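Next up: a single chain in structure tokens, the form predicted on its own.
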Amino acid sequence: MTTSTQQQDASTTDSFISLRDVVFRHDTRNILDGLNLDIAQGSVVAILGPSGVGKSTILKLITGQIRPVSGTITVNRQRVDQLSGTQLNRYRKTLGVMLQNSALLTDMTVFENVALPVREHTRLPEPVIRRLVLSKLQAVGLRGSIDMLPRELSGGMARRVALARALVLDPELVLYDEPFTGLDPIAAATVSKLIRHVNEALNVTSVVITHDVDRMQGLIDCAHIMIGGKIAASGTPAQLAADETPMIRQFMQGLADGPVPFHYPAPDLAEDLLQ
């Protein structure tokens, strides 16, 4: 297991993704405060942490939706924080993103939802598009659902369609934002197995944003726990589970009491009520 200090000193030569000394603020509040993160190519990595700690902010930085106040964002040797509009559009074609709410277009069939990125970003003929879409739906076990609308899908099926859409352009990097939220145990296990299978079959790099500690066993190669705008600890699920650092133990065991506070910072209650 590595601490945040060791993480900062790590060499980034072999890193597919590298965030160095990243600071990001919302209004006057620091969301990320000197964060350092390295992710190896071809790995499945989880970024864990309590709600509101800035996990999804990392995804937005990697996709170029937002830029840091300071620090660098490098993906596959590209400085994402310095890309122009045209360069950013080209870069985003190498990414696949699976959002936690699936974000399927409700008036389009499953086939049309998965085909959308291909039609938006390429000029491939329809027979080629059809083969691409069917192959990706076959990979997630839903080739028979091509004519269904999103409202006809279960939550787990919708996530699998969203995964097929994220993979349809054969990305180098796939980002998953809370992929297990709202799923029953069987659907969550199915999605988890698919993430691992896709990573190995397509040799992509996968980053999973989640707070689901139990789901990590057997899925990921490494996990990074975020606390206080920084990476507090990194390691395998087994290493993190054995960590006796109070903050890490509180998160890994789901303890209500500990160094991570329940209350968001606020004035004294009595003083606030009197005002």
Partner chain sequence: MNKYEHDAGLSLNLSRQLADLGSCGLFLPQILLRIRPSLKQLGNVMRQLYFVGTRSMIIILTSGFFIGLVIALQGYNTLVQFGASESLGAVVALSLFRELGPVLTALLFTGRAGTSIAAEIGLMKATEQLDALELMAIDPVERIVLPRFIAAVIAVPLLTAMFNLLAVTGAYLFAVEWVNLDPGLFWGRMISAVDLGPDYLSGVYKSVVFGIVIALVSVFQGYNAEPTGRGVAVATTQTVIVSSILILILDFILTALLI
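By rigid core we mean the largest C-alpha set that fits within 1.5 Å across both forms. Numbering follows the first chain given and starts at 1. All values reported here derive from a predicted model rather than from experimental measurement.
There is another form of this protein, the form predicted in complex with the partner chain, and it is not shown here; the text below is about that form.
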Note which of Arg143, His197, Arg119, Arg131 lies within 4.5 Å of the partner chain in the predicted bound form, where distance is taken over heavy atoms; exactly one does. Arg119
Identify which of Leu183, Leu83, Val204, Leu99 has a heavy atom within 4.5 Å of the partner chain in the predicted bound form; exactly one of them does. Leu99
One stretch from 217 to 225, 41 to 49, 62 to 70, 236 to 244 that, in the predicted bound form, holds residues within 4.5 Å of the partner chain by heavy atom: 62 to 70
So, a 4.5 angstroms cut-off on heavy atom distances: do all three of Arg20, Asn30 and Arg79 pass it with respect to the partner chain in the predicted bound form? no
Partner contact for Leu104 in the predicted bound form: the partner chain, 4.5 angstroms, heavy atom: yes
Even though the partner isn't displayed, in the predicted bound form is Lys93 close enough to the partner chain, meaning a heavy atom within 4.5 Å? yes
I'd like to check something about Arg160: if you look in the predicted bound form, is any of its heavy atoms closer than or equal to 4.5 Å to a heavy atom of the partner chain? no
Is it the case that Leu124, even though its partner is missing from this view, gets within 4.5 Å of the partner chain in the predicted bound form, heavy atoms only? no
Select from 16 to 34 the residues with a non-hydrogen atom within 4.5 Å of the partner chain in the predicted bound form and write them out in sequence order. none
So, does Asn203 move by 2 Å or more at the CA between this form and the one not shown, with the core held fixed? no
Core superposed first: is there a CA shift of 2 Å or greater at Gln78 between this form and the one not shown? no
